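A single chain comes next, written as structure tokens; it is the form predicted on its own.
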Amino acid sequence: MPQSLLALSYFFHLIATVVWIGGLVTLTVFIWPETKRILAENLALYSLMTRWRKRFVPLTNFSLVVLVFTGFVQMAGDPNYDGVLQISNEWSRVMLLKHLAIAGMVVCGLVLQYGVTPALERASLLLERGKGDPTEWERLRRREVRLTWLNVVLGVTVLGFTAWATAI
């Protein structure tokens, strides 16, 4: 494989990683803690979070596509790669664990994107109109926070497995 293609693949892979995992860390470590106190008093601020999420989710989805494509290019160019589902060395075992963590991130993202987020947006609209149940909104918000934190932990785990595989 040409080094220029591999270098370009690494570049885009790293950018997509920064967007996906960096965005999750920014959300959970910086944005949520600063807005948590205000959210309890002002439901309108949650709409700001909703708007931010609507800008972020397409970027994460695109990042996932880039990660899959560039990951295949990089695996094919790695001398430790023995073939699909060939778990014959330490590198392939670490890569399997990394891909399981990525699958967990994808599942969390899908549950958030197609389950929790739409329900939370509906609950927010109902509350804004005085027809909603605040306990339901709070339950959904806690679920969103838990799933997002799980996604962050899995993302950091992916980075750890990446470092391990790179060191081999």
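Quick caveat, the model's predicted, so the values are computed rather than measured. Each residue number is its position in the shown sequence, starting from 1.
The following text describes the form predicted in complex with a small molecule, which does not appear among the structures shown.
Between the small molecule and the residues 102, 49, 116, 123, the one pair within 4.5 Å by heavy atoms in the predicted complex involves 102. Although the partner is absent here, residue 67 sits close enough that one of its heavy atoms falls within 4.5 Å of the small molecule in the predicted complex. Among heavy atoms of residue 96, none comes within 4.5 Å of the small molecule in the predicted complex. Looking at residue 159, you'd find a heavy atom of it within 4.5 angstroms of the small molecule in the predicted complex. In the predicted complex, the small molecule sits within 4.5 Å of a heavy atom belonging to residue 166.
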